[in-house]
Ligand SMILES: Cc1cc2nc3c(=O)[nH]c(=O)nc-3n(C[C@H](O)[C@H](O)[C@H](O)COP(=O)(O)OP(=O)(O)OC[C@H]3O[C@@H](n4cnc5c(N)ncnc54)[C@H](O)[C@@H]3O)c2cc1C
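Given next, in structure tokens, is a single chain: the form predicted alone.
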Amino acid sequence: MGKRAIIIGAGIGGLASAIALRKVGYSVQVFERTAEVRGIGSGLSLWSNAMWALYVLGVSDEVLRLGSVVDITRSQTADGEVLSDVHVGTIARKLGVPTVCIHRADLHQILLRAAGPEHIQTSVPCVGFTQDSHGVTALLENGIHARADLLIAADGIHSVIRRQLIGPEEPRYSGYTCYRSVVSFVHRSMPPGVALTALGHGVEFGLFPCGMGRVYWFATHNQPAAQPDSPLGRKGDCLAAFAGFSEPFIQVLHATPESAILRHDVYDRTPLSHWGEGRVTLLGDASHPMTPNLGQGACMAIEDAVVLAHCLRSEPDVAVALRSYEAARRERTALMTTRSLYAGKILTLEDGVLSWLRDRLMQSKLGESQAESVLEKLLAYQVPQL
């Protein structure tokens, strides 16, 4: 009888894990707490490192078909002064793998089809686990106990499995909230392959093409956590917070229906020194949630999935394989978490003098070349083939 794996959570990391583990001979069973497996109405940057992992999983062609290749990320001031162009396409050509932005719901459906919907059970929250030397049992809210050789917790930043493994801890608030949406939008400031990011004082606004004539936009605003929407609504709040921004940003807000705007406070967690025990491990946001400033949260989860499958294929002892996976991922994910956190602090500076200094550094040739060099090093990582 082949080895069996239980995966908690049918998000991007959970579905990628199901695909990867099936490739190395595991039978998988995925338990999802929500009633439907679907992505939310926002976009997702899949940088070259994640696109390589998706190639290993066999789904990169479908991602390319539905998404938009990003060649340049252009940073500018709120009033439209260009600060820098980072030539992502040049980096991609060196690495042989593009960077793509895609609607999150489209990626979810691609992964769901590849994982096999028949392996996924919805409306089944997991409340914990038990394990012994022979296997692990997922304790499900419906009273059913599912038994397997290993358990992978891909159940997000508020992971039930993480709480049992690590103990209760509150996530770390970044200091800003984020508004997001996807809308059909065409503008002369956004030729094909160009993504725009505008910086103000305590605010940031990004526009990324994400396939089929659509634009994914995100906008962050410094404020205390858990603030309610004002009587203006989310669209009105965005129009007020970003009133001084140049034309494409304000136009995309006007083009977005109120009901299509998502809002969430941004949290992460400090990196862990360990995140597994016995036959149980964590993956993606359950182990290393990060702020979105480098666009690497989902990318890290996809990388995790492939590295985990590689370790399980290489080492027959499940517990040893899981510790190898964690050791292989610890340094890289901690680096991404820390750099994302500090990038967010720099991008959301409120002080006028510090913001001016940041903008001048970005506008310099030195700042632009350093940004490309650092980005290339982050994106050059390639997961092993399965």
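Fair warning: this is a prediction, and the values are worked out from it, not measured in the lab. Each residue number is its position in the shown sequence, starting from 1.
The same protein also exists as the form predicted together with the named molecule; that form is not shown, yet it is the one meant from here on.
> Of Ser340, Ser60, Thr348, Ser45, which one comes within 4.5 Å of the named molecule in the predicted complex, counting heavy atoms only?
Replying inline: Residue within 4.5 Å of the partner: Ser45.
> Which of these residues, Gly206, Gly295, Gly276, Pro248, gets a heavy atom within 4.5 Å of the named molecule in the predicted complex?
Replying inline: The residue from Gly206, Gly295, Gly276, Pro248 that makes the contact is Gly295.
> 26 to 34, 317 to 325, 353 to 361, 63 to 71: which one contacts the named molecule in the predicted complex at 4.5 Å, heavy atom to heavy atom?
Replying inline: So the stretch in question is 26 to 34.
> For this chain shown on its own, do His87, Cys210 and Gly244 all sit within 4.5 Å of the named molecule in the predicted complex, going by heavy atoms?
Replying inline: No: none of His87, Cys210 and Gly244 comes within 4.5 Å of the named molecule in the predicted complex.
>> If we define contact as a non-hydrogen atom of the residue within 4.5 angstroms of the partner, is Pro125 a contact of the named molecule in the predicted complex?
In response: Within the cut-off, so yes.
> Val160 near the named molecule in the predicted complex, any heavy atom under 4.5 Å?
Replying inline: Looking in the predicted complex, residue contacts with the named molecule include Val160, since a heavy atom lies within 4.5 Å.
> Should Leu312 be classed as touching the named molecule in the predicted complex when contacts are defined as heavy atoms within 4.5 Å?
Replying inline: Outside the cut-off, so no.
> Can any non-hydrogen atom of Val306 be found within 4.5 angstroms of the named molecule in the predicted complex?
Replying inline: No, Val306 sits far enough from the named molecule in the predicted complex that none of its heavy atoms falls within 4.5 Å.
> What residues, if any, in 4 to 23 have a non-hydrogen atom within 4.5 angstroms of the named molecule in the predicted complex?
Replying inline: Those in contact are Ile8, Gly9, Ala10, Gly11, Ile12, Gly13, Gly14.
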